[in-house]
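Just one chain follows, in the form predicted alone, and it is written as structure tokens.
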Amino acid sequence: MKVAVVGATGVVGQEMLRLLENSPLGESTPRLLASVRSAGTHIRWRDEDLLVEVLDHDTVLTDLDVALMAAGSETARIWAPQFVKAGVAVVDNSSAYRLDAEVALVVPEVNPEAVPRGPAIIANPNCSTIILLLALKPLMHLTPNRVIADTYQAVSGAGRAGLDALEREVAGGEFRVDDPFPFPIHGNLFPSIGEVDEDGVTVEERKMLDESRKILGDEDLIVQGTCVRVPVARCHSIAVTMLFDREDSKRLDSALAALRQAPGVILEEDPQSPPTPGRLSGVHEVSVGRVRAPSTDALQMWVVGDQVLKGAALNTVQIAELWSAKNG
């Protein structure tokens, strides 16, 4: 399989490249594609210095099998169909195609059957959705009627600009409005990620509802919560509450048993040692802790995952690996 990484110079694109070094998809040297601004630079991969090529209408695509896109929605809307037309499968990390009825939205541990055969666009879900569903899917057999998911999202969710803003402010530098945050982030947090709609719900909060319904195939599922930006470099955390129609004193035991067997999940059962972002940065799995039943009609848990890895680059590479296995 010949792979291209589009947006190879960004935070997620560079993480994709690191993952490809140990992936079956890395048997052939990947091609690196980017905008004119980034083209011409070199990136180290294994023992090679790879040239970043410009992606334009003269770029030859027909030698590729899979393109991993980490270049934003505008680029994805323009180029993903062009790759598919050239016979290339696209796994897109942007929001451009996530809710398109004709495009699969995939978390490999949750709905691997959705990966199509042949050249197609496959969408990578929002980072918080991925992290939530790894912990939630193993518990859906318990049939919650409502899920409340309050997120505490790292600055890495805003890409390099978010990381730069935190580093700058921590070092005593100035706060720059909308570069990329509307409020200072050092020593602060704010419950405002994305535009607010007529219902008072932010874009980020709406994504978790709409994407979870599509991935799980359940249009009646209710997912609501508050998405909060916090001064953490990497790893999103989610406080999850599941509410049920009926009481069940054995539900907690069933939940723990399911989470112990869940793919991509580390269950931390010591309530005095919950998962925290600091020690989970760079970890592939999502960690779940503080699982509890405060009442017999509810379950609660705390979920932490690396936003750049499982929330973005790793999930994208895993989707591509699934596609390759189906089409190799």
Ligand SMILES: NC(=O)c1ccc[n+]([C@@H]2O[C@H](COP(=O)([O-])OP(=O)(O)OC[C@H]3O[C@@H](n4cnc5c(N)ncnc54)[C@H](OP(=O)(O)O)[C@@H]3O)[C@@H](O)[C@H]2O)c1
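Fair warning: this is a prediction, and the values are worked out from it, not measured in the lab. In case it trips you up, residue 1 is the first one in the sequence shown, and so on.
There is another form of this protein, the form predicted together with this ligand, and it is not shown here; the text below is about that form.
Inset, instruction - Would you confirm whether the three residues 9, 34 and 308 all fall within 4.5 Å of this ligand in the model of the complex, going by non-hydrogen atoms? - result: Checking in the model of the complex: 9, 34 and 308 are all within 4.5 Å of this ligand.
Legend entry - Partner contact for residue 156 in the model of the complex: this ligand, 4.5 angstroms, heavy atom: Flag for residue 156 set to yes.
Inset, instruction - Evaluate residue 160 for contact with this ligand in the model of the complex, applying a 4.5 angstroms cut-off between non-hydrogen atoms, and reply yes or no. - result: Judged by the heavy-atom cut-off of 4.5 Å, residue 160 is in contact with this ligand in the model of the complex.
Inset, instruction - Report whether the minimum heavy atom distance between residue 119 and this ligand in the model of the complex is within 4.5 Å. - result: Taking the distances in the model of the complex, the answer for residue 119 is no, it never comes within 4.5 Å of this ligand.
Legend entry - Heavy atom of residue 72 within 4.5 Å of this ligand in the model of the complex: Close contact exists here: in the model of the complex, residue 72 approaches this ligand to within 4.5 Å, heavy atoms only.
Legend entry - in the model of the complex, the residue from 240, 127, 223, 123 that sits within 4.5 Å of this ligand by heavy atoms: Only one option qualifies, and that one is 127.
Inset, instruction - Could you spot which one of 304, 320, 312, 17 gets a heavy atom to within 4.5 Å of this ligand in the model of the complex? - result: Of 304, 320, 312, 17, the residue with a heavy atom within 4.5 Å of this ligand in the model of the complex is 312.
Inset, instruction - From the candidate stretches 272-280, 256-264, 63-71, 291-299, select the single one in contact with this ligand in the model of the complex, where contact means a heavy atom within 4.5 Å. - result: Result of the contact check: 63-71.
Inset, instruction - Would you give me the residues of 222-253 that have any heavy atom within 4.5 Å of this ligand in the model of the complex, in order from first to last? - result: Contacting residues: none.
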